[in-house]
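Quick setup: one chain, the form predicted on its own, written in structure tokens, and binding and motion questions come after.
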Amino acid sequence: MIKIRNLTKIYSPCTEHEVTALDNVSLEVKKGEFAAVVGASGSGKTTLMNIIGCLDTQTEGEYFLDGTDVSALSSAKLSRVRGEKISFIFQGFNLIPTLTAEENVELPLIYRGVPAEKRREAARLSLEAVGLSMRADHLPSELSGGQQQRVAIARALAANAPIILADEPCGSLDSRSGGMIMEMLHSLNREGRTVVLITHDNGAALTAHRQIRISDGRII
């Protein structure tokens, strides 16, 4: 599902501020796998996440996403591939504060041009799946952190992308809520989604099929 070959990312190249964030990284994640990328702050895991998620591009190397060479795509095509292939779950939830839970879940479907009736139905079913059907008309500020993250998971469910990229999804939650979120990610994986978890938490990483450890921009 994800194939990276000899990938390097350099910020501010050829200047005194040059930083090599990723150094000749090669990595594969198979379809249906639950993989955890583990590393401390500054290890390069966030840069790797941004490239896997098509939010950034590499300086050198190749990246194939579900068989497509995304290395040479235009920004418009990269955006389209990202919208079709990847659902994101972030530590900060990334919900629009002025939209209800249901409207937040609908967002990816609006970008895809899904008709209003179909996207509302998908949003309702997804919120029901994460136990928040009774909170569909609530704003993010009216929800707990755990509930907001469940809205983010419902958004990923509704988008129905084959890859879920979860960046520290439990980082701002208490242990009970975090455990619930991890179980939901594993449930999505059992349903066939490929899950890539970005984390510094060894405990969370150990629940994955495979741990990929990164340090100083290199897979170790």
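Not measured: the values here are computed from a predicted model. The first residue of the shown sequence is 1; numbering continues from there.
Quick note: we don't show the form predicted in complex with a small molecule, though the next part is all about it.
Q: Among 57-65, 158-166, 173-181, 33-41, mark the stretch whose residues have heavy atoms within 4.5 Å of the small molecule in the model of the complex.
A: Selected range: 33-41.
Q: Is there any non-hydrogen atom of residue 200 lying within 4.5 Å of the small molecule in the model of the complex?
A: Output for residue 200 is yes: heavy atoms within 4.5 Å of the small molecule.
Q: Might residue 47 be said to contact the small molecule in the model of the complex, defining contact as any heavy atom within 4.5 Å?
A: Flag for residue 47 set to yes.
Q: Residue 21 near the small molecule in the model of the complex, any heavy atom under 4.5 Å?
A: Within the cut-off, so yes.
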